[in-house]
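Single chain ahead, by itself, as structure tokens, in the form predicted on its own.
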Amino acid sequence: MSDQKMTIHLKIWKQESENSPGRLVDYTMDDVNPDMSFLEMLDWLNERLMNEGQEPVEFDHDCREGICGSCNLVLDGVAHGPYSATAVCQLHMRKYKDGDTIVIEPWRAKAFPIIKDLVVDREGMDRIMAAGGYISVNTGAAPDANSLPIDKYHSEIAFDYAACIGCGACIAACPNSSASLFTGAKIAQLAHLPQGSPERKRRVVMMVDKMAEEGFGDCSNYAECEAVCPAEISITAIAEMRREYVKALSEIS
């Protein structure tokens, strides 16, 4: 690591529970190494706070490789921070300057109740997946990889949609708190694969209806979701979801 040190001022949201009042609390870090990741900087802060007998800041994380989607933070009003295609865990302190002030908040959405400080409950997204984001048809033993032809166009689109890490940034950035980009990506991924065909109609109806039931808003085409997505999922996923939904309803009825 570099021997250079920076002073960084932090304004971090502190809230004991969903129904407790919250506030921004000021912290100053005088020994931030530019080579630290953003989460390492928060670890360093918490180590200092605990050594001083103070309560640490609760934040969520897991893989720290931009894969799991757990590092759900809003930095200076932007989900995952100011750099495109970058999850918070991939952000490094060298992107900031000595003396900078950073405001750190949790995801803001009715469907994401705060558990504590920067940690929110994202189980609503899990329930959308449980409603139909899977293939349950028993096809017997796994076939050879080359026995089920899938053309390059559809396989690449399916792969692009499958890159969604389910972080919820799209929901936090949307003025309506819509989960349409997340849900659309999961629906469109399987719609482009033959394995998803048997449950295609049921899947889209169940997942879209569950999204509304969970309290997520509807899409108004602001495209804020696409702008903050660390996996760069295109809003064409939303268009595909809508077409799938309308087609499924017309065929079911």
Partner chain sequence: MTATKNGILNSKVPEGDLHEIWDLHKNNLRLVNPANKRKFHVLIVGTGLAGASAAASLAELGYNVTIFCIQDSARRAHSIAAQGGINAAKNYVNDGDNVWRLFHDTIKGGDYRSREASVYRLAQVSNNIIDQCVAQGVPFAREYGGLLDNRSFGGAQVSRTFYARGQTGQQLLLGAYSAMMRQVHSGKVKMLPRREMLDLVKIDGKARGLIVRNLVSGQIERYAGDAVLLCTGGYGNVYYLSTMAKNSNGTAVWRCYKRGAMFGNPSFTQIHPTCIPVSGLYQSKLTLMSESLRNDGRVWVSKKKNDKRHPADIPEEERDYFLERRYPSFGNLVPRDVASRNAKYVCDEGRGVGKTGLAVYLDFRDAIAQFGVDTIKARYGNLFAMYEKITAENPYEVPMRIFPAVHFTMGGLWVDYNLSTTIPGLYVLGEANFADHGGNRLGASALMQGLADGYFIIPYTLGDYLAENLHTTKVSTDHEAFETTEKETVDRINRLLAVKGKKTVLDLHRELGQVMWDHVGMSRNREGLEQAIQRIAELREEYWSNVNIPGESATYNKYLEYALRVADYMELGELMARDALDREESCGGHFREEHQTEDGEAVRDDENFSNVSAWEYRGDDKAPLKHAEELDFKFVTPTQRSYK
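Here the structure is a predicted model, which means the values were calculated and not measured. Residue numbers count along the first chain shown, from 1.
Beyond the structure shown, there is the form predicted together with its partner chain, which is absent from this document and is the topic of what follows.
**Student:** With the partner absent here, would 77, 81 and 244 each sit within 4.5 Å of its partner chain in the model of the complex, counting heavy atoms only?
**Tutor:** No, the whole trio is out of contact, none within 4.5 Å by any heavy atom.
**Student:** Is residue 68 close to its partner chain in the model of the complex, meaning a heavy atom pair under 4.5 Å apart or at it?
**Tutor:** Contact with its partner chain, yes.
**Student:** May I ask you to state whether residue 40 is within 4.5 Å of its partner chain in the model of the complex, using heavy atom distances?
**Tutor:** Judged by the heavy-atom cut-off of 4.5 Å, residue 40 is in contact with its partner chain in the model of the complex.
**Student:** Although the partner isn't part of this model, could you tell me whether residue 86 comes within 4.5 Å of its partner chain in the model of the complex, counting any heavy atom of the residue?
**Tutor:** Judged by the heavy-atom cut-off of 4.5 Å, residue 86 is in contact with its partner chain in the model of the complex.
**Student:** Does residue 56 make contact with its partner chain in the model of the complex, using a 4.5 Å heavy atom cut-off?
**Tutor:** Judged by the heavy-atom cut-off of 4.5 Å, residue 56 is in contact with its partner chain in the model of the complex.
**Student:** Could you list which residues of 110-128 come within 4.5 Å of its partner chain in the model of the complex, counting heavy atoms only?
**Tutor:** Residues within 4.5 Å: 115, 116, 119, 120, 122, 123, 126.
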